[in-house]
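The structure tokens that follow cover one protein chain in two forms, given apart as structure 1 and structure 2.
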Structure 1
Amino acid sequence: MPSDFLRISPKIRVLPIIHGSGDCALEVRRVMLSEQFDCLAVPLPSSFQCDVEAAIEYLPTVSLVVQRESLPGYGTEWTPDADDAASDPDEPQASYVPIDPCQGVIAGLRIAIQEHMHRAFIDLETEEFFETSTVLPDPYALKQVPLETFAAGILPAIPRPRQEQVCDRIAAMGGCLRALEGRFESILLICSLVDWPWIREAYTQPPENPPEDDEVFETDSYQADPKTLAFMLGELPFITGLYERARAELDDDENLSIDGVKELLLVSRKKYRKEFGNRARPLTPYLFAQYLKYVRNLSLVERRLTPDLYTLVIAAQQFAGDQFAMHVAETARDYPYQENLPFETIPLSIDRARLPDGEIVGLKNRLPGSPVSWRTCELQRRPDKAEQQRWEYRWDPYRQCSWPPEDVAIENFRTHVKDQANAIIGTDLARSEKFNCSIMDGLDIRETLRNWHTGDLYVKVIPPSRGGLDCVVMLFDSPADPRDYPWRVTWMAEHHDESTLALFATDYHRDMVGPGIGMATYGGAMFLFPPRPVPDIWMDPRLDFTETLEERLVAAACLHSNERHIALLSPLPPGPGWRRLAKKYRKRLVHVPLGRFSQSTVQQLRLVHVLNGQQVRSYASHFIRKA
């Protein structure tokens, strides 16, 4: 039984909501389906009724109904309200109603239409709409507290409206409710949480001079550009899609504002893995648990219970790198039910839209939620197909070079692998001997205790490794499918700090990330340091006896190395075949396990960018992002 707290009169029940919230839309549905009403009153002017109700019929495809305002300076007078508005004075203005399924008013109208309930649009007609927004608590609290308690808790903090137009609109709505009472027995009013006490007051204390409607323009319906739905919908487009899917499939949608975030992550991971395959970073359940905890904390720090797009994207970047963050941003932007309507499509931005005639108008939401602030983060969007094709078309096949920061990183890694291999060679040579006159490399406690009964001390001897190491082979993907790695090249060093490099990698033409910048992934590479000119190992007939790409690299390493040992970085140790191959050249392979290194760092190192000429280096960093 609903409490009387949210009743304006015995015939009028009020449902104060926060606009643009899926949780509030669910509350509207719960109330409308659990109680009997014969009229639904909504805080919109009647000039919107026809187009709004027609657009609701097209749901789940979302759209918006726009009402233009007269141009500034043309037939309008200066008002203090207009001066307060933050909009550009030169920009034409319009107000709009988002036909958003997660908008409580729209959800209410949608049910009312289906139930053949009478709908009353009770707001005042205003030629120039004055948009107000107030910082409100997160409606996710409705999962824990009833709407009555939620409204009662916020009531003392709701400020009395001071703007003349807002007061007039509230007075008009109070007047309309009184008129509706004469016709209907049970009325449900859905309105903003910040307006309901004042509508109630206007109902009980009608003003002496009731406000009059303005002459207004007719409304137009538009379809929003699917890419820019995030600027119109109250929830993320992906989560709005989940609400609609649950509605269609009669699934549980009670906790989608949080569970939807988890699904967003899983879908993003799927797309990320599909794109990167075995190059993808490991996105484990443990990592996601940490991610969600961090997102929760960030939201709490910002005094919210549910995360916004910025928080989700920045956290994804901080946990799993740019590429995964990009997938999160793209997935969050997608709304699956956007079909072609008989309306023209317009792109939306923050409080702006470009109308079909190309004119950019300032947009004011008739059903505004909490104010949204735009925060951007450094994240590179994926180039579209046309851009990639254009860049590929302009590629000069006679010019290619590497990107120096990646050279430095992979050279450092080579040094590191070489050091590890040297340590392994040294460990093999370590031995214990009886203490004589020098403590050598330290007391060998284990050996001393083992021979305790003899009374002798034992010391460790770690002799310097014999022979150096001038060649490192890295096999990141073995066995490698030659079809995956069509780009095979031998690169000579540009300077004395760089190795001679032979590699096989994916085709960089297939993944253009910027003008004159292609991205490939190493399958394997061979480094010779100090650098020296060698024939192209992929053309060298002396290596034609090899059958696989990896074998050719190992054989080339054996052929060109001047030292006895060759460091081999690979997931598994080399088998007898490769060892025999090395022996043929009087070499020895020193295996350095790939698992010893951070896999996410290794995945980043595998990505190599190929630049179309040295001049591209000057701007490449603007397009290149870490994995």
Structure 2
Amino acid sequence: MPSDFLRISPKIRVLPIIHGSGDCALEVRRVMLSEQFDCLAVPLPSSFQCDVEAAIEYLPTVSLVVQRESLPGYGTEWTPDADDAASDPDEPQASYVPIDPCQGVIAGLRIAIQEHMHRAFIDLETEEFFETSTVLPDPYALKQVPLETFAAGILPAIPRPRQEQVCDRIAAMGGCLRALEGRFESILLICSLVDWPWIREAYTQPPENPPEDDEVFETDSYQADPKTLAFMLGELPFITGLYERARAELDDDENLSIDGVKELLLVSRKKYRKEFGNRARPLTPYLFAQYLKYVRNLSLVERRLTPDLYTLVIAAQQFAGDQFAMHVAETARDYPYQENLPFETIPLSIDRARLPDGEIVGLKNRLPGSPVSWRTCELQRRPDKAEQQRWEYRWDPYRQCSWPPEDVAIENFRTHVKDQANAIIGTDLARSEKFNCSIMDGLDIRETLRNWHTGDLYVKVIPPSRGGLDCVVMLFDSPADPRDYPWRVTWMAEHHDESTLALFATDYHRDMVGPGIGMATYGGAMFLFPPRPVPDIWMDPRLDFTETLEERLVAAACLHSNERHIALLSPLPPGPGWRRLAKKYRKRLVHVPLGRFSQSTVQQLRLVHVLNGQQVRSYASHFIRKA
């Protein structure tokens, strides 16, 4: 029978799992709650039992139980495994057990404690632990494949252990199982997927000289720094929190390894929108659908069924920019159930920890899962409040300039709006004529169908427009609240490829992004090209008759434009008041709907970075962050 495949004996059933997997932890829970056992055996030494079980009582708050080791070469004999066990021979080493809700062993012990089941810690006591890990399939396959089939499929690829310590530990666990079999009728062994065939072999073929326990240090319990939980937990801290929330609220948690990623994105989007407001990129359901497809493809390329943090962040950076990617990374490390424990808190790093006395020790996981690869992802960091206040204090109010890449982008957009306005002017002058000998500017389908009964063809005639365009007005936020846009300035062009620019925007002092770099958001702007000097429109008394910021820009455009037409980019067409204002100056407003352009592009163009002098341009790219 398939259910007998994972039985070592009639009294012992094996549950091989991948450590650190939430899907395997759910499988442990399913088996333990659906069958009856009177003893749970776990692959941990007995020296950990007291502190591990005490720390489990504090779940869902995460902690870890640490056991110090002797320095290699001091007080111990050299072994062939010693060179591989420690990357730095002079660095103190320690092994630890993560009290992680998504660890299958911890989940089993948690249920066993609640059900008052006997717990047996059957691993060998080792003074220096040798950590091993093997690349294993994604445990998400357990959603469709029974555990017996999953274990049988991997069995041919499991290598026989060669390290002496690993062989001794397996032999010791086999001997402990034989001893437990005489005391209990139904035993469940939870162990690593790569160890269970050899534990069964050690049970059936006991060694002639059983290994003996080493003398070991006592264990210590610590609380992990909440900011560094990602270095210890098997799943992302955010998804681990979702498993705990589902446990507390009795919700369905069968597909949290995938549904948790979707909730991670929604929470990240909420924080992203809260920080950037109307400057945030539109993260629509369609964009998320494409993002998830891309994440799926990246995961399959790496031979995974579920994405890792690096894949999620890289995809977010490529789809929505650095700032949304930062929110994804920061949300992924959030764990909402961290409370103060009667343990000292230690920060963690990659296989390292700083103990309360300041000593840095190397850490080796007693429940290692698949090997983890750490990769670098470059994101523009977010400055803290202290830095922003220091930068604002050092700002020189007499020096101010723009950032050239943004100048190029907004000038290209101005040219595009001008071309759109010229096309609209030509369309207004178009007429239809009966076809004679030339097709002119193309066949007029509408007029031809209207006169279908006559059998005549009609063509379009678009005469050249009279006059040109030398002024473009862009109104991004209309009607604009003057309290939201206190910064009003007129900038002269630095060279002949730039326009004379008058704008109103948010206060750049409120959003300092670097030393001598502030960021504002356009509310509206007026561009004069070719550039020419004009008085500051915000101080010009000839424009004091206007009442709103937008009206002043339109009036300034009518005053300083040398052409008859003025391009007006705005969400809505100009009202009768603005048209009368233009007629007063013998001008005509050509409306270009803002909805013609991509909203994400417009949101990026609205951002303007103000530099405190041209010397800031040399390092501005290291601090400027795009939303």
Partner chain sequence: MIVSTEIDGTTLQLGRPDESDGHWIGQEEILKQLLACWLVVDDADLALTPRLVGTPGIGKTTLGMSGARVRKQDLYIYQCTADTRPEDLLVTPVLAESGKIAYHASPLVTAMIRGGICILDEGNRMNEKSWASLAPLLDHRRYVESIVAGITIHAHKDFRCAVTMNDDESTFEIPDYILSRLQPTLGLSFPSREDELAILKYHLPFAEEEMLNLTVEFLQQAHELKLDFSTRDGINLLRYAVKRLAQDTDHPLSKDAAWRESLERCLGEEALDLQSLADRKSQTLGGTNVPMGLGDFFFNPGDPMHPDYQDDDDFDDDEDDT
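Residue 1 is the first residue of structure 1, and the numbers go on in sequence order from there. Definition used throughout: the rigid core is the maximal C-alpha set that superposes within 1.5 Å between two forms. What you are looking at is a predicted structure, and each value in this text was computed from that prediction instead of being measured.
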property	result
Number assigned to the form predicted together with its partner chain in this pair	1
Residue shift check between the two structures, rigid core fit, residue 563 Cα at least 2 Å	yes
Per-residue C-alpha change between the two structures, residue 438, threshold 2 Å, rigid core fit	yes
Rigid-core frame, C-alpha of residue 338, shift of 2 angstroms or more between the two structures	no
Angstrom shift of the Cα atom of residue 457 between the two structures (superposition on rigid core)	11.2
Core superposition result - C-alpha of residue 544, shift between the two structures, Å	5.1
